[in-house]
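Okay, so here's just one chain, in structure tokens, the form predicted on its own.
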């Protein structure tokens, strides 16, 4: 394939730790190629340690990097280095998308669409009981999106203090899951933690024996494609949603922020599933 990259090509970059597993570059670059704008944009990745996020943002500013995508664990930390934060991202308290608009760095959050869109394709969220596992940057966006759509949310986190803090901010509830059978009372279970990724790929964030065939289980981890949580949930008859769907839908929204073009969703989905 002939590469169209030149000195005029705008760089978009995903930063995280780890980041080598990320499929965002493949997904975005496939989108650029499909729209014939791969001479104007290229998407790359870089491992950045937590203590170096400020340095990475300063590099973005100095080098004129066009877009900065933030993954675990940088979604909260990055906010302090930006010039402006979109109202939704402010409410969420986390940023996964930074646009360099003529030298002004603006933060957005598209993670909430990444969760809400796949769920709403199969169920109305209004009034549904949802268990959110985790209390980090991704959980913040997901809780925001669920509440926006009228769901009833409970948060479970291994460090209860973090769950309590998040629940107080968003005016929702916390569960300790001290009675594990409470798991079966939820309509939807969403894992926002890194449990299921290497080196924790043989673990699940909660006991799976109480998952039922009336539930939807969504794991935002997408490497491996099917986590142990999803495998166990499928065995118990639950409907599962792979993390690839969240990656896709937060990415299509992000694509539009970076390029101003409507994302070619099916092209981007195809590349993600081929990579799996």
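Positions refer to the first chain, counted from 1. All figures in this text were calculated on a predicted structure; none of them were measured in a lab.
The same protein has a further form, the form predicted in complex with a small molecule, not shown here; the description that follows concerns it.
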{"query": "Stretch in contact in the predicted bound form with the small molecule, which is absent here, among 189-197, 169-177, 146-154, 84-92 (heavy atoms within 4.5 Å)", "finding": "189-197"}
{"query": "The unique member of 162, 101, 184, 129 whose heavy atoms fall within 4.5 Å of the small molecule in the predicted bound form", "finding": "162"}
{"query": "is_contact(residue 137, the small molecule) in the predicted bound form, heavy atom dist at most 4.5 Å", "finding": "yes"}
